[in-house]
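Encoded as structure tokens, the following chain is the form predicted on its own, with no partner shown.
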């Protein structure tokens, strides 16, 4: 399983880089295989199509979101639990390929339009936002808590200052997310 998983991860890593740099439509399986230094047959062993690669990346992301949603579902919606959920989401974003997947999705919106797995990920993000809110929360509170998740994304997509480190972006996004989640007013 180790070698299989390593190869699968390498394929995902190279594919997401090429899809983001060149565009999903403009990248072929042959180019992915060449960049990996493997034959197309070796690539086919793991993924038959580009869509299979994209599906696997999104499935990995959905699985991680499912784990967070399950964790949140087992706890009351207290300020402490909201804060911990946001911290866990932030930590999850810094592991694996989360930023690369989000960047790929942002740059290839047209190619991914109507993709079932993308819709599934959007559903999970909606469930995660609901886990931050109480059903009777006023609309501004629900919006602010939902925006907490997007604040962490904005730290990666909007702050493009070369002198800013990943750690600084992550910390800033987390700080703003926690402030939004517990902001007063309604």
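Everything numeric in this text was worked out from a predicted model, so none of it was measured. Each form is matched to the other, and the largest set of C-alpha atoms that superpose within 1.5 Å is called the rigid core. Positions refer to the first chain, counted from 1.
Although it is not shown, the form predicted in complex with a further copy of the same chain is what the next lines describe.
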| query | finding |
| --- | --- |
| Partner proximity in the predicted bound form: residue 50 to a further copy of the same chain, non-hydrogen atom cutoff 4.5 Å | no |
| 4.5 angstroms heavy atom contact with a further copy of the same chain in the predicted bound form for residue 106 | yes |
| 4.5 Å heavy atom contact, residue 130 and a further copy of the same chain in the predicted bound form | no |
| Residue 78 within 4.5 Å of a further copy of the same chain in the predicted bound form, heavy atoms | no |
| Whether 21, 159 and 180 all lie within 4.5 angstroms of a further copy of the same chain in the predicted bound form by heavy atom | yes |
| Residues of 107-143 having any heavy atom within 4.5 Å of a further copy of the same chain in the predicted bound form, listed in sequence order | 107, 108, 109, 110, 113, 139, 140, 142, 143 |
| Displaced residue check between the shown form and the other one: residue 89, CA, 2 Å or over, core reference | no |
| C-alpha of residue 166 off by 2 Å or more between the shown form and the other one on rigid core | no |
| Flag for residue 72, CA shift 2 Å or larger between the shown form and the other one after aligning core | no |
